[in-house]
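Quick heads-up: it's one chain on its own, the form predicted on its own, in structure tokens.
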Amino acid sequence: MTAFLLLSFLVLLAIGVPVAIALGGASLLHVMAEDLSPHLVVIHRMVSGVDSFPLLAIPFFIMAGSLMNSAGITARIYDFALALVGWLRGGLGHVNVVGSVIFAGMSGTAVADAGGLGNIEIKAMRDHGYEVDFAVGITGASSTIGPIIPPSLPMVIYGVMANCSIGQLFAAGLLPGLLMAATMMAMVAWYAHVRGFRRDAAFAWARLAFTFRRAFLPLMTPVLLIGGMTSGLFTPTEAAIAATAYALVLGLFVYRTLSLRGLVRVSMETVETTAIILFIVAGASIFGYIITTTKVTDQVADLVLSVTREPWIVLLLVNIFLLVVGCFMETIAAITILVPVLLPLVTQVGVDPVHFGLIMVLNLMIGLLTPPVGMVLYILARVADISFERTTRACLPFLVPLVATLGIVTYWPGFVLLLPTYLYR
């Protein structure tokens, strides 16, 4: 019957049924076939799966990122990043990465980065004579920093599914996110050396000070969020509300770049995106419940542990599995389905749940740059007005720094857990 559950889910996906309906539908078929409990259990579990206070952070983080984009705040961030690192060889490539690091502290999603900053960055790099493929590749790679540096939407989902501290997950993501930025900037420097890229802007203290003043209030967003959470002023969920309120104040009253029509549009986009995500979470809740109650998680753990109990081999197998899954499944769906299956396995070999959360999210962020389901690839293809195939080829070389960072994050738990241990334990 477990095989029937998984097979029915895969068949529903193959015929084009949305993933949330496929999850709930396969679960309902399993309950009906087994006649284990009343069919209302499916509805009850789906509702209870989204009845969670931490999940309230989802719409607010989504809305905060959209407000930053709509209010033109991303342009201020880009100008500051240009003044800060544009004087390096291959300057706009470095600007791309630094801009994503800053924006990551506001939005928490790769899609918002690729669609917001990406539009500005690719146009600027084209105007300065950079190859479109290089511009698209570094934009795609840098956008994956968004869900690693706090705040992070996938970390919220993982924390709920794994019953893990979201505050610790946010703290654990800061150093790996900065490491991702460092490895990408190293690759940009290598490209600049090999291809003879020039400097795109002369360094000037006056320009740096001017752009810093213009971007000062947006730059305070991550300070507000991280400082508030670490000091205990508010929870991660309340931090999302604070981020949205702060973005509203900036857009409506400080810069006055956000119109009422724009606010309505952002609100409707937020409602739509949130509904999709929570529908997936609801479907995955009943699916995960059935997998857990039928002891599939124990069977998977026993199968892998019968082959090896070496933590590094188990983590290698899990990484390979997650990289493959990331090619075919959307991030939120993958987290909600796989956490109940994989977390018991890795904890049995001594892996910290917070450490594993970073491993899982980073794997799935790499999946955003791999076909056929990589969402960032579709966004960049539209933004750059090139084919999906060309976008995929452009992003492939930039998987190297991402995979290198994944290796460090996987096998150096002390690096990942340094801040959570210092701040929370």
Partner chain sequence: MSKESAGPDLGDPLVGLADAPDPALSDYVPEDWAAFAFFWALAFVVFLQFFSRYVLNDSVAWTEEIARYLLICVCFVGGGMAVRKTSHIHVEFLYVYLPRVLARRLSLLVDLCRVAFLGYGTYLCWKITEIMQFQRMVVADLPMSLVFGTCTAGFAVMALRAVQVAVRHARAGESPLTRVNMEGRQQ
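Since the structure is predicted, the reported quantities are computational estimates derived from the model, not experimental observations. Numbering follows the first chain given and starts at 1.
Another form, the form predicted together with the partner chain, is not on view; read the next lines as being about it.
For residue 17, a non-hydrogen atom is located within 4.5 Å of the partner chain in the predicted complex, even though that partner is not displayed. Within this chain, residue 389 lines the site of the partner chain in the predicted complex, having a heavy atom no more than 4.5 Å away. Heavy atoms of residue 24 reach within 4.5 Å of the partner chain in the predicted complex, making it an interface residue. In the predicted complex, none of the heavy atoms of residue 231 sits within 4.5 Å of a heavy atom of the partner chain. Only one of 193, 213, 309, 123 comes within 4.5 Å of the partner chain in the predicted complex through a heavy atom, and that residue is 123.
A heavy atom within 4.5 Å of the partner chain in the predicted complex is found for exactly one of 176, 251, 115, 326: 115. Exactly one of the stretches 141-149, 262-270, 181-189, 343-351 approaches the partner chain in the predicted complex with heavy atoms within 4.5 Å, and it is 262-270. Interface residues of 362-397, taken as those with a heavy atom within 4.5 Å of the partner chain in the predicted complex (partner not displayed): 372, 373, 375, 378, 379, 381, 382, 383, 385, 386, 387, 388, 389, in sequence order.
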